[in-house]
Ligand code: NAD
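Here's a solo chain for you in C-alpha cells, the form predicted alone.
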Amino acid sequence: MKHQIMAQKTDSVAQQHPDYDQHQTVAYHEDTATGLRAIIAIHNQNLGPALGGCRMFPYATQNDALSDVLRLSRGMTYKSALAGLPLGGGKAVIVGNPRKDKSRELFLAMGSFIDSLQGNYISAEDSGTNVSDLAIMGETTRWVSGIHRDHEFNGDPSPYTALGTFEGIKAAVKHQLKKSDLAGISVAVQGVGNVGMELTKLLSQADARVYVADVNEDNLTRAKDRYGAIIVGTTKIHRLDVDVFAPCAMGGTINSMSIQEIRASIIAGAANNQLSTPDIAETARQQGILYAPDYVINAGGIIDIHHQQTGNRNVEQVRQQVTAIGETLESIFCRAQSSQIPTSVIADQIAEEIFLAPKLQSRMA
C-alpha cells in the first residue's frame, strides 16, 4: 500500500524555535487514515545523506515534538562527524504511544513519508521503534536501515550502542579515576531498555557493581535476575554515591537541579541530549564531574547502521570502529583538561571542524 503524501518543508515556526540551528529541512506529515503524526528534521548534509533514528513518543504538544526532533537531528550531525562517517544528521519523530498506537498501516505511512524526501534522510530504529517496525516502513521506502536479517543482531544496532558506551565508560574511568579496568567500579544505569540492558550486561561481566532504575518492572527484574543488578527508584538513581552515572533513558534529565544532586564523578551514558541546556556542562566541570559528551559515547549504533546500509558485514571491522570511541573520548578529555573548558565544547569544536570543512573548501575553490 503506497500512501500519497505532501510533506510540508521548513516553515517559520521551526525557524523561530529556540532549538532551530540552520536546519536544512523540517518536514511535517499527518495521515488521518492511520493516525500518523510525524516530523522529520534534516540538520546538515555536508558530509553525506542525513541518517538518524525514528523515535515514537507520546509528546504532550507539537512544540515538544519539534524541539526533540530539532535537537536530535543536530546531535546526529555532530555524532556522525566525530565517528568518522560520511553522513549528515537527521531524525524522525512519531507522536504516539509505542505501547498502544502502533499499527502496520501507520508504519507503511511513515515509510511513504520518509520516501518523499528522496533519500536525503535515511531512517533506523530509535526509542519506541524496533527492527520489525522499520521492516514495515521498508515496504514503502528503501531509505531505512538496520533491518538486515543476516546481521549479527538481526539488524538491531542497540548492542553496538551499548558497546560504544561501555568503551566510553572505561575511557572515563581511566582518565578520571586512574583505573585501567572496571572491577569494583560502581555504576548507576538510568533506564534499562535495549541499550541500558546490554550495557548492564557488559558492566556486570567486567565485575562492576551496577545499580539500575526504570519505569518498566519487567526490565528491572531481568536486569536483577540475569546480571545481578541492584534495583533503586527512578528518583534516586542519579543521587547515588557511585563512581559513574549512566543516563540511558530519555534526554534532558541532567538540569540545573539534578546536577547539584549527582554524587558520581563521571557522567557517561547512552541517552541523547542528556543536558537540558548547554551551560550544565560548565556546572559539571566546576563540580569536578567528567562528562562524556552524549553524541560521542553513544555513536556505536550509528556506526553499525552505516555499515549495514553500505552492505559491510565485517563484524570485526565494525567492532574496531565502535571500540575506537574510547580513544576519541580520551582525546576530548585531555584537550578539555588542558584548556579548562567543558568536554562538550571541545567535542563540538572538533565536530564542526569536520562537517563544516566541505562547505568552506567549496567556497575557496
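Throughout, we count residues from 1 along the sequence that is shown. Keep in mind that this is a model prediction, so the values were computed, not measured. So that the term is clear: the rigid core is the largest set of C-alpha atoms that superpose within 1.5 Å between two forms.
From this point on, the text means the form predicted together with nicotinamide-adenine-dinucleotide, which you will not see here.
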Although nicotinamide-adenine-dinucleotide is absent from this view, report whether Val192 comes within 4.5 Å of it in the model of the complex, heavy atoms only. yes
Although the partner isn't part of this model, could you tell me whether Gly196 comes within 4.5 Å of nicotinamide-adenine-dinucleotide in the model of the complex, counting any heavy atom of the residue? yes
Is there any non-hydrogen atom of Ser256 lying within 4.5 Å of nicotinamide-adenine-dinucleotide in the model of the complex? no
Closest heavy atom of Thr234 to nicotinamide-adenine-dinucleotide in the model of the complex, within 4.5 Å or not? yes
Please determine, with the chain shown alone, which of 137-145, 283-291, 178-186, 248-256 has non-hydrogen atoms within 4.5 Å of nicotinamide-adenine-dinucleotide in the model of the complex. 248-256
Candidate from Leu117, Ala81, Ala271, Ile267 lying within 4.5 Å of nicotinamide-adenine-dinucleotide in the model of the complex - any heavy atom: Ala271
With nicotinamide-adenine-dinucleotide left out of view, which of Ala213, Leu108, Ala208, Ala229 would have a heavy atom within 4.5 Å of it in the model of the complex? Ala213
Answer yes if the CA of Lys79 moves 2 Å or more between this form and the one not shown after aligning the rigid core, and no otherwise. no
Lys178: after superposing the rigid core, is there a C-alpha shift of 2 Å or more between this form and the one not shown? no
Is there a C-alpha shift of 2 Å or more at Arg55 between this form and the one not shown once the rigid core is superposed? yes
